[in-house]
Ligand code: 1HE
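Only one chain is given next, in structure tokens, and it is the form predicted alone.
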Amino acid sequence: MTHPDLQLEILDDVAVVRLTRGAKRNALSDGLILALRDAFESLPDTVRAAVIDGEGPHFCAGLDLSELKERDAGQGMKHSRMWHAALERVQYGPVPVIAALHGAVVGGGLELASACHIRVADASTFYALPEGSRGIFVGGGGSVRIPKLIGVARMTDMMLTGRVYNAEDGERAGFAQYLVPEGIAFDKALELAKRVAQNAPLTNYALMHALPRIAEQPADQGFFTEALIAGIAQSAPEAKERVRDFLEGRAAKVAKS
């Protein structure tokens, strides 16, 4: 995977995927979106978790509007579907993904962040969806993923009024699960990724691929799917070994942090 605006670094069993278009506030060009897709499709088998970060003071300021072309309806739909396919490789790829948010998390940048499984924001982070004021609509999966984080009413307000959420209000609204002091979002995200990488791979896979689908199912179907996934996960040799370690006192017990 090579692209001038994307860097892939492997730190033991964690992949760090960094947007390196800092001079453009890491605005997402089509080439960069396709490079993200390719990066997650070709992660080495040794990787167990990933971190997405942005170079410079901003995580990602959204779609590169200089690439916005006059498309007809069919071309616009296909362009949106290309983004959907790329970000699906983040959400439903091989490993859990932690986003290290700072500065602008705007438009397409918020769509990228919402495709990740855990979001760590530092105190400089702010969130916005300026598409409404620009006469366009989200096209990278935001209308599906973002309401699941903050609700339809909040997203509607953001797009109608241009409301901007700061880091603290954003954490309360549900944009991020962690809020840390400015400058340490990446360190916290990497710490979490290393912890996630220690989980049984089948459990991580179930959390990424099964849990969001179970949450969308009617209760009776969700319970049945849960039973199937629970049976599969606990049958794995690694799961059996971990349970034995706990029962025989070789594994740490849960304690208040």
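Residue positions are given as counts along the sequence shown, with the first one as 1. Just so we're clear, the structure is a prediction, and the values are computed from it rather than from any experiment.
The discussion below concerns the form predicted in complex with the named molecule, not included here.
Peer 1: How about Tyr127 - does it come within 4.5 Å of the named molecule in the predicted bound form, if we only consider non-hydrogen atoms?
Peer 2: Tyr127 lies outside the contact set for the named molecule.
Peer 1: Do Gly139 and the named molecule come within 4.5 Å of each other in the predicted bound form, heavy atoms counted?
Peer 2: Gly139: yes, in contact with the named molecule in the predicted bound form.
Peer 1: Would Leu63 count as a contact of the named molecule in the predicted bound form, using a 4.5 angstroms cut-off between non-hydrogen atoms?
Peer 2: Yes, contact at 4.5 Å.
Peer 1: Using a 4.5 Å heavy atom cut-off, state whether Trp83 contacts the named molecule in the predicted bound form.
Peer 2: Taking the distances in the predicted bound form, the answer for Trp83 is yes, it comes within 4.5 Å of the named molecule.
Peer 1: What is the one choice in Ile146, Ala99, Val90, Ala104 with a heavy atom within 4.5 Å of the named molecule in the predicted bound form?
Peer 2: None of the others qualify; the residue that does is Ala104.
Peer 1: Considering Arg163, Arg172, Arg134, Arg154, which brings a non-hydrogen atom within 4.5 Å of the named molecule in the predicted bound form?
Peer 2: When the named molecule is considered in the predicted bound form, the option within 4.5 Å is Arg134.
Peer 1: For the spot marked by Ile10, Asp53 and Arg119, is every residue within 4.5 Å of the named molecule in the predicted bound form through some heavy atom?
Peer 2: The answer is no; none of Ile10, Asp53 and Arg119 reaches the named molecule.
Peer 1: Work out which of the listed stretches, 191 to 199, 55 to 63, 209 to 217, 41 to 49, brings a heavy atom within 4.5 angstroms of the named molecule in the predicted bound form.
Peer 2: Only one stretch qualifies here: 55 to 63.
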